[in-house]
Structure formats: C-alpha cells, structure tokens
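Here you get one chain, nothing else, as structure tokens; it is the form predicted alone.
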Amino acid sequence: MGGIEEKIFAVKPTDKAVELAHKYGYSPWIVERYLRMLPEEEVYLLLEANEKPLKKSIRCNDYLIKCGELKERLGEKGVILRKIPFTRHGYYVERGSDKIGYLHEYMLGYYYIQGPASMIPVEILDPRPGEDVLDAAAAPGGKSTQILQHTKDKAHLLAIDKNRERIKSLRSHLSRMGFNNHIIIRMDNLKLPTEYQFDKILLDAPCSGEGIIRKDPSRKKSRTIEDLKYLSSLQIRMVSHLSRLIREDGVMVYSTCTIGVEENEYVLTKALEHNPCLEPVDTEAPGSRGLTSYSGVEFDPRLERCRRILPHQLNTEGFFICKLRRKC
C-alpha cells in the first residue's frame, strides 16, 4: 500500500481522538477520521447526535393510498405522523411507533418503514415511467419499492441482490406494496452482462454502515480499517462495472449509509479515473457538499457536487449520495 491509499487508510489517532473516543465509546481511529473531515466543533455535534436514538419514520405509498388518508387512518389508531420536509412521501412517527410494524395498513402495503435520509437517493435518481431501471443492491426492498412508487409501477425494474435470505424480503415488500413491473434476480452485480443497458441505475452500495450508529451503536467499534479497505475496493469495482451498463446520457446514483471518505469520495475519485465518461451532477439534495481534499489527498474536484448528510444536520441517519451522468 502506498501513495493515496496510505494517506487515506493509515489512521494514527491523536490525543484528542483518543479522548473523544473514550468519552463516546468509539474506536479511536473512527473519531480521528471525523477530526480530519470536519471542524472540531462539528465533530462534537456529530458525536452528540449519534447518542440520540433515531426517530422512526415511514414512507407513505401513494400508489395505493393518498397520504392524507393514511395519516388520518393511522391517527385514529393512535399513530401520529409529521411530514418530513425534505422528502416527497416521508413522515416522522411522532407517537405510536411501537405499533408501526404491526398495523393492518402496513400489511396492506400502505407504507414502508424507512429512514429519512434513505429516501433521498431514489428522489435524486428520479426514475420515470417507461424507463429501464436497475436497483443493483436491491434487498430488502426499500428503494426498489420507492422506484416503482415514483413511477406508478410503470418503470421496468430489474432488482438484483446476491443474498438469498434478503431476496425473500425484497419479494415480499414488492408484493405487499402492490408492484408488478419488476424482475428479481439473485446474482452478484459484478457479473451482470454489459449487454444489459439501463436509463437509470441505483447503487446503494454495501458499506460499513457507519451512518446508522443511532440505530446500531455497536458500529462504534465493530468495524476495522481493514474492513474499509475491503469495502472500498468492492465499491470501486461496482461503480466501474455498472457504469458500463448506463445508456449514454443515463444516470447512476451512488449512495451509502456511511459518512467516511474511504467509501465515498475516495471510491468515486478512483471510479472516475477508470471511467472518463462519468460526470458528477449537482443536485438539490440536502446536506453538506462532498469533500475535495482530505488528509493531504486531493479528490476529483467535481465531487463537491455530491452530498454528505450528517446526523446532526437534519436529525437523520448518516448518508452519502452522488449523482453521476454518463456523457459519452
């Protein structure tokens, strides 16, 4: 390992990182990365936000029910909803969250339980009726159902995942929520033939899950820097391969539920080196702009068009989203 990789992955915690890691229960190398990414005062805000449980939220399925009607029906059962302002169909569950996975309306497919930031990638992808769309890591189905909801079940969706057990959930959710215009295949997306071509591709990439510490505090210590090396290598290969499946002027949205540069700006810088036809596109997504430098490493400057959503900014899980257009 040398050059850029050495600067990215060689993380020696400072005394400040060790102090904060001890206070908040993290592996020190994780906090050191935050101190390199953000102003110190913002690191405190991030760590404090991760101490607070994430409020439950749902995505109303307006393919089957008007959202106002759903809000009224759930209200009669003691479940109070509040609109999430930066999403089209998202609602915070203000009261009655213990019931939300067991109600008749859930079984009828009227909503999907989903984190607020997790709803944004499909909105940025903006699939349209009649388009060929690939969900390249589709299980358990949150974004596949959202793609078909967005198009009123009129996109042609190929949903692939290599995990047999998770595909069961994908199939169940697509059926429960009333969608038919899809094909599900169990396979590794790196083996998808390049003869397949799509107007839109969503790659919600397998990642370390560092952004969901509010839901799973064990992630403060459960990963190692070696895990990040493996995942970033996998993500680079996925972006590079799937970019060959985008039709000219088509779009891929890359997203992760992690906030570190190793699985985001670093991955995309490497992928853009391999794929000169890819062009990052600015979006209206909330959050901070992507980083163009980190720890002495210069990233592709166009990555400032990406978005990083940090838990303390919008009271969400952590997420990273980048829209890429194939220009040739």
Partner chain sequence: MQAKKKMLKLKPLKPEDRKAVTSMIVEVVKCKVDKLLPGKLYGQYGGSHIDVYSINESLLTRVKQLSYHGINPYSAGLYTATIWRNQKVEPSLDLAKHIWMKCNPAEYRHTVISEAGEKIFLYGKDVFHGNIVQTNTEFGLTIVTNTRGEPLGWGFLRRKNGKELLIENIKDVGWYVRAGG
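Because the structure is a prediction, the values reported are computed rather than measured. Positions refer to the first chain, counted from 1.
Missing here is the form predicted together with the partner chain; even so, the following discussion is about that form.
Asks: Does each of Leu190, Asp216 and Glu248 have at least one heavy atom within 4.5 Å of the partner chain in the predicted complex?
Replies: Answer is no for this spot.
Asks: Can you pick the one in Ile124, Ile113, Leu108, Ile80 that has a heavy atom within 4.5 Å of the partner chain in the predicted complex?
Replies: Result of the distance check: Leu108.
Asks: Select from the listed residues Arg88, Lys220, Arg237, Arg176 the one whose heavy atoms reach within 4.5 Å of the partner chain in the predicted complex.
Replies: Only one option qualifies, and that one is Arg176.
Asks: Consider Tyr44 of the chain shown here, and say whether it contacts the partner chain in the predicted complex, taking contact as heavy atoms within 4.5 Å.
Replies: No, Tyr44 sits far enough from the partner chain in the predicted complex that none of its heavy atoms falls within 4.5 Å.
Asks: Since only the chain is shown here, I'm wondering whether Leu158 would be in contact with the partner chain in the predicted complex (any heavy atom pair within 4.5 Å).
Replies: Flag for Leu158 set to yes.
Asks: Tell me, yes or no, whether Pro129 is in contact with the partner chain in the predicted complex, where a contact means a heavy atom of each within 4.5 Å.
Replies: No.
Asks: Does the partner chain come within 4.5 Å of any heavy atom of Asp98 in the predicted complex?
Replies: So Asp98 does not count as contacting the partner chain.
Asks: To test your reading of this chain, name the stretch in 178 to 186, 208 to 216, 226 to 234, 253 to 261 whose heavy atoms come within 4.5 Å of the partner chain in the predicted complex.
Replies: Result for this chain: 178 to 186.
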